[in-house]
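Next up is one chain by itself, shown in structure tokens, the form predicted alone.
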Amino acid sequence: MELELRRGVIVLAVLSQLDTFRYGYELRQALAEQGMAIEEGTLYPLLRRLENQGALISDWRTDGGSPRRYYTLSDDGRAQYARLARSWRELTATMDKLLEGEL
């Protein structure tokens, strides 16, 4: 059950960190440092799916090293992120009320 809860917030967590261009490993580290560890096998397919859906744009860069694909929010992705963040806040407010009577 905890996995199901977590799966539902991974998209929002990823979108929250892509206001500027980041490559996959950098994004993964940033999320882990903030308590949201994501496996590579989950993150990279999610990034590709979000890009295919138009939420992200990507750019290949070498910057003197090996090529890396950098991702950031598209305009549509920014709008989606705003909607998801609003929904998340409403849901957590509701859940906080429900959980006040915890056993």
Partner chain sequence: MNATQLIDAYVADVAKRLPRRQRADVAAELRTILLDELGDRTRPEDAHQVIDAFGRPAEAAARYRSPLVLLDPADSRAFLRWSLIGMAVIWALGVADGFANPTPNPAATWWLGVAIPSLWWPGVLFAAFALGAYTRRKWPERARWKPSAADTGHLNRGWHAAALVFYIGGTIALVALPWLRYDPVFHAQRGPWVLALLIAHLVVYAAAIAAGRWNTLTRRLDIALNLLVGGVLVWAMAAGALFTERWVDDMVKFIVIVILLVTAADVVQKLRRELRQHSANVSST
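Nothing here was measured: the structure is a model prediction, and the numbers come from that model. Positions refer to the first chain, counted from 1.
FYI, the form predicted in complex with its partner chain isn't displayed, but the following is about it.
The candidate spot formed by 28, 40 and 48 lies fully in contact with its partner chain in the predicted bound form, as each residue has a heavy atom within 4.5 Å of it. Among heavy atoms of residue 69, some come within 4.5 Å of its partner chain in the predicted bound form. Interface membership of residue 23, defined by any non-hydrogen atom within 4.5 Å of its partner chain in the predicted bound form, is confirmed.
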